[in-house]
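Taken one at a time, structure 1 and structure 2 that follow are two forms of one protein chain, written as structure tokens.
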Structure 1
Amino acid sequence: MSRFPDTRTLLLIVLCFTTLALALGDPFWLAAVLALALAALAAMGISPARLGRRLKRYRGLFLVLVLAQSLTNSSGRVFLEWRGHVLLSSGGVQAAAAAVLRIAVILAAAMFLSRRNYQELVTALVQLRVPYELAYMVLLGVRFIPVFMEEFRTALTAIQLRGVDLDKVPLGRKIRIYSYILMPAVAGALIRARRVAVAMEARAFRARPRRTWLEWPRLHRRDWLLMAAAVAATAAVLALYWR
């Protein structure tokens, strides 16, 4: 039995929000889009606080973005200058805020699919005329990212259990240690991927040009209305922004 909203509707909403995040460059507009995304998440029963926990993981990346934007953008009012080089300006702060808000909007858009399992995503992609081989490739790619991270954490834990305190290791040696961890993690992920490939071939994957599906959801009138509203709102925002 299909659920509302349909997975295809959610994919279109994600596409609309990511399009706005990439097309808009003003932090005030991006902040408004982020507020709209958080309101939509709350309406779906997804706590916006989850986005805050995700953003905490990228604090270092945000700091690098702020510094990079401040050093490369010297427009506007200059706040900090050293030997003729602008280190901090109003244009740099605005560009850095836009970059951080853009990432936040994209992460919030991805959370719309958190209530759907992998099977529903594959079915939705196939219903959107994506070849089922590509749909399964997307499924395996999404599923193997946590597998790879788990392999990396396992190798890192093994090194720490041997008495290596990475917090006290110099930067050069730390990079070398991480390179040693990366190889077994990649090897373990490749071994698992080969096993999955063998299992799929044993079940006659791609034996026929088309597949049958246990569930084949249908779009209801509410889905069509929601998709039309999302596309219309996106077009209206872009038209107002570019004017």
Structure 2
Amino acid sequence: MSRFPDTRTLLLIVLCFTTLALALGDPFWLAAVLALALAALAAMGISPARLGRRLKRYRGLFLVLVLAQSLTNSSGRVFLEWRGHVLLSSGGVQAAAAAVLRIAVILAAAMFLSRRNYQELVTALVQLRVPYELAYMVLLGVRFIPVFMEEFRTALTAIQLRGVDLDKVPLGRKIRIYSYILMPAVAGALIRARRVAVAMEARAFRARPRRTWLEWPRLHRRDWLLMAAAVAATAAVLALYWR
């Protein structure tokens, strides 16, 4: 049984949106692309509210990005100046908005795959002629990022529960503490990775050069049409933008 759209079609759509996100520099164009992505997600039954939650998680990063952009870009009308240094200009605001929107588009694009599980993604990559060891490894790597972050947060809590007031510790010692915390997070992640590797070998991963697949979805005409439409739309947007 095949689902529509096929995972490969979704991968192509993700690729199209990320290309646009990276190629476009104008905040208005990026906003339009974001709107398009959200509409497409909604059409697939994926709520745009989830993007909001993801964006919230990265708000610290955004702030840094916005500040960096607006401080380093002094083109256009100047709004705020201090001793000859431009602090805020229309060019800076535009650059900051573009940077934030760019990340939003990329995060939204990734959400197209949120309804697909690892097995489906690996199958799709293999169908695109990516060696399956590589496909598994890439996806496992991606899977370990949140695990690693979680580990780091737990270690941070654990160390404070041992009576260490991170807010009151001088900087030099703080750095030492952070290196302490990194240790269990890295060790934990490595130990877990090794466990997964052993578990996979124990289940005969890579024991034979060829493997069979429980599902080998086929591309339907609808998929080809959707892919063609996505590529054509992307090309059209780029052509208009660069005209």
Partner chain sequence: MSAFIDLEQVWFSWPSGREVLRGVDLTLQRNDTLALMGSNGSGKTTLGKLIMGLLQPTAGKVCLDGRPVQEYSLAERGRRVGYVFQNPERQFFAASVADEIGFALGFRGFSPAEVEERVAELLAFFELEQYAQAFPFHLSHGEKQRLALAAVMALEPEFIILDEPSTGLDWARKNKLIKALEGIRERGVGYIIISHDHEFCRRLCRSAVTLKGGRLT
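Predicted, not measured: the structure shown is a model, and the values here were computed from it. Basically, rigid core = biggest C-alpha set you can superpose within 1.5 Å across the two forms. Residue positions are counted from 1 along structure 1's sequence.
Structure 1, not structure 2, represents the form predicted on its own. With the core held fixed, A35 shows a CA shift below 2 Å between structures 1 and 2. For L51, a C-alpha deviation below 2 angstroms is recorded between structures 1 and 2 after rigid-core alignment.
After superposition on the rigid core, the Cα atom of V130 is displaced by less than 2 Å between structures 1 and 2.
After superposing on the rigid core, the C-alpha of K168 is displaced by 6.0 Å between structures 1 and 2.
Comparison between structures 1 and 2 places the CA of Y178 3.0 angstrom away from its other position, after core fitting.
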